[in-house]
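Only one chain is given next, in structure tokens, and it is the form predicted on its own.
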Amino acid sequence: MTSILTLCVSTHSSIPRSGLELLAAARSLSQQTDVGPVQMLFLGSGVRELAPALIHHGADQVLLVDHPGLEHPNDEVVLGIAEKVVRQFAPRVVLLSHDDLSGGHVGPRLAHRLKTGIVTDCTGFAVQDGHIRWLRPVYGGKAMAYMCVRGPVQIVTIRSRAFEPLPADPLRTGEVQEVPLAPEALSASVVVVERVETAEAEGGLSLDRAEIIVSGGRGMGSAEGFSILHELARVLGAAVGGSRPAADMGWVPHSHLVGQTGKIVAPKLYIAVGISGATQHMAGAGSSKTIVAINKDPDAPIFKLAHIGVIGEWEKIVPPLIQAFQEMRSR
């Protein structure tokens, strides 16, 4: 019997939103095809009690790998476990999150080992004559294309927030099967000698998980300008990002770069301040539900894609905006 296998890696003893999004995508695919049940390979340390919640959110079977050595798994370990499970259970489709770990390091190498095809950064799919066609942006987000995967198993990475998690159904039943982990499975050729927690990991908002993102570009003028954006982000409960010029000039860390060569995000609200809207940047932010652009150049390309555009100098717009939000919160 074939199946749809999803992969979820827990690093903080919780279920990442991306894992629930994969279940929603797999559930939708299962309903439109004869691929079979939805499985989830769930990796982590101390996550056994979370397995039933995955069933409530759409999994038919949870393949659980719970081990202390998986508290901070590296890509080589995750790749080895994923390959073993795929060979054992022979799913027809494998869905991965389009993130640094699963989509960036594990997915392509897994496809190579299995001698099969992979489609990355997908935002949807269509089923035609029994064949699955995967939808993804091309040409820097200027167009969309359907692609098909050739090979014994279809490996696909799904863009963040392309699917909404299904509501939990406490009455839904399924199977939790523990997958034994051999000691050698945790061995890797790369050894972590030190782990440094960044401010984001210590409690700040991740770009991948944030529902609101405030980004700045070259038009901010200096690093001091970004301090205002951070204040706006604190009021909104948002994450802070930046364009390539802002990152290259050191105004924002490269880990917060939004764009084709940085993070690909899809928050509910994306506020772009002093960003012209180059193709490379919008390839990373174009899937946002609502884009608000603030720029003094009325001909800036971003206004063609923004849902709300404000023309003017950010220094005269953002501070009053912060004050207005603060007043709304104090009511």
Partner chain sequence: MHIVVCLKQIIDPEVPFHLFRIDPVAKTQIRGSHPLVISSYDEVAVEVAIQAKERFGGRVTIISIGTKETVQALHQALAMGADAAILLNDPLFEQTDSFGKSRILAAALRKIGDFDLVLCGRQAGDVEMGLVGPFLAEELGIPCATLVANVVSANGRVRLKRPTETGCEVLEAPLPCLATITNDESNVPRYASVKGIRAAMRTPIPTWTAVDLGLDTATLGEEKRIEIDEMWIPQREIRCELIPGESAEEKAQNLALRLRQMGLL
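So that the term is clear: the rigid core is the largest set of C-alpha atoms that superpose within 1.5 Å between two forms. This is a predicted model, so every value here is computed, not measured. Residue numbers count along the first chain shown, from 1.
What follows is about the form predicted in complex with its partner chain, which we do not show.
Heavy atoms, 4.5 Å, its partner chain in the model of the complex: which of 89 to 97, 222 to 230, 102 to 110, 162 to 170 makes the cut? Say which one. Stretch 102 to 110 is the one.
Heavy atoms within 4.5 Å of its partner chain in the model of the complex: does V310 have any? Yes, contact at 4.5 Å.
Should A306 be classed as touching its partner chain in the model of the complex when contacts are defined as heavy atoms within 4.5 Å? Yes.
In the model of the complex, is there a heavy atom of its partner chain that lies within 4.5 Å of any heavy atom of I317, even though the partner is absent here? Taking the distances in the model of the complex, the answer for I317 is yes, it comes within 4.5 Å of its partner chain.
With the cut-off set at 4.5 Å between non-hydrogen atoms, does R234 touch its partner chain in the model of the complex? Outside the cut-off, so no.
Position in contact with its partner chain when the complex is considered in the model of the complex, options K263, H67, R27, H56, heavy atoms within 4.5 Å: In short, K263.
Tell me, which of D248, E175, E71, E178 has a heavy atom within 4.5 angstroms of its partner chain in the model of the complex? Result of the distance check: D248.
Which residues within 132 to 163 place at least one heavy atom within 4.5 Å of its partner chain in the model of the complex? Stretch hits, in order: R133, L135, R136, V138, Y139, G140, G141, K142, A143, M144, A145, Y146, M147, C148, V149, R150.
For G286, decide whether the Cα shift between the shown form and the other one is 2 Å or greater, given a superposition on the rigid core. Yes, its C-alpha moves 2 Å or more.
Just checking, between the shown form and the other one and with the core aligned, does I271 shift 2 Å or more at the CA? Yes.
Does V9 count as moved between the shown form and the other one, where moved means a C-alpha shift of 2 angstroms or more after fitting the rigid core? It does not, since the V9 C-alpha is displaced less than 2 Å between the shown form and the other one after the core fit.
In the model of the complex, shift in Cα separation for Q280 relative to A162, 3 Å or more: Nearer in the model of the complex, by 3 Å or more.
Over in the other structure, so in the model of the complex, do R159 and Q260 pull closer or drift farther apart at the C-alpha level? The difference is 3 angstroms or more. It is closer: the C-alpha separation of R159 and Q260 falls by at least 3 Å in the model of the complex.
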